[in-house]
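In structure tokens, one chain follows: the form predicted alone.
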Amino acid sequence: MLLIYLSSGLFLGWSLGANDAANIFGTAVGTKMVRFKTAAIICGVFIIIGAVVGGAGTTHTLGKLGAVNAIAGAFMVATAAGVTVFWMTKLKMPVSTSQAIVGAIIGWNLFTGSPTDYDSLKKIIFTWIFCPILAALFSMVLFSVVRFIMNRTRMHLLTVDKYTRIGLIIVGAFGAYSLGANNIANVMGVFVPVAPFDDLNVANLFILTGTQQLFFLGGLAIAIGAYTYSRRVMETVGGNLLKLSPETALIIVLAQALVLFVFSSQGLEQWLISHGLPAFPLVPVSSSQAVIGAIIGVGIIKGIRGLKYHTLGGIAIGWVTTPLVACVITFISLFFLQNVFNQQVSQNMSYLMDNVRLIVETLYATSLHKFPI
């Protein structure tokens, strides 16, 4: 029964791989610099590594938004988010899995009468706005630096082509790692408090905790989605929004990877805090928003005349509607799951409204502490 419930998280992971993961190599594939199969394999391997090694930080933040405390409820939250992303993927729209899972969690909160931590929600919504802006800033700076170097070095075109291909693969691997670390919370975060596995000793070499096993399964599902169904979205991101050169594609992938990294790295967060600097919130952000923000940044530097506003408008509509659709689907589905199939979608809990945030943080921190990363 546990595996049946987890299947929704795996489906969401597959949907994420088919949609968000495509953005890691979309520009590289769209410019014909990297073959699709090569990109999908590299993407899958490093997504799994990032999910297992660095997925704890964003999972904790998402858990504070709403602690789904019954496995049937977690199943439906993940299913609703997965259906929403899959539907948008069919429409060839690079939407945000982060927005889908947040909308689904809020739908669960509304149905069960559980409070929503609005401080966490405001933090998450802020990152949705700031993510493409930061990606645009990164790409503008990187584009200016690369253009300066190219003008000074005057390398042969074949040498530039060789270095660009290598760079796209290296940067794509880094981006895939960052995606796994940042977005695994979207796939398996709702299952951490309710469906942990026992620790697993792997050939007496290392131990996989229960949470890491969940993240491994989710990362594997993302990898399969990237390999089997991501070409359609790669075409939208890689060539339909702005005509890209191979060098520009490299800049966009790197800018997007840096954005995902800064919003998922606990090490960077601790370093900034230790030096008295403001830290980036550890929040799952959208690789779609990051890569499109990076493309817009390059478009601004190049004069923005080649930017296709019709495509951009359609993508923006998808961003707005995704959390709303996921929220509605979750609410309706929970009603049928509870009243038709007699499944318990939530545990009865008493909330003290002045201490809601403290209660949720404590519950979620306990689950992560029990199965540490």
Partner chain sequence: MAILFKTNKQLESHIEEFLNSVSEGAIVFEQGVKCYIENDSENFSAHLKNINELENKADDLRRTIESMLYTHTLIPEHRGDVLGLLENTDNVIDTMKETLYQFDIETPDIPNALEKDFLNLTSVSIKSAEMLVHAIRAFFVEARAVKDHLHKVLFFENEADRIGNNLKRKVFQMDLDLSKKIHLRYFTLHIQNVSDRAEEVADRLAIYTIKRTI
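Residue numbers count along the first chain shown, from 1. This is a predicted model, so every value here is computed, not measured.
Not pictured, yet referred to below: the form predicted in complex with the partner chain.
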**Request:** Identify which of 208, 146, 140, 110 has a heavy atom within 4.5 Å of the partner chain in the model of the complex; exactly one of them does.
**Result:** 146
**Prompt:** Exactly one of 279, 125, 169, 300 has a non-hydrogen atom within 4.5 Å of the partner chain in the model of the complex; which residue is it?
**Reply:** 169
**Request:** Identify whether the partner chain in the model of the complex is within 4.5 Å of every residue in the set 33, 158 and 244, based on non-hydrogen atoms.
**Result:** yes
**Item:** Partner-proximal stretch of 269-277, 146-154, 74-82, 174-182 relative to the partner chain in the model of the complex, 4.5 angstroms, heavy atom
**Value:** 146-154
**Prompt:** Is residue 165 close to the partner chain in the model of the complex, meaning a heavy atom pair under 4.5 Å apart or at it?
**Reply:** yes
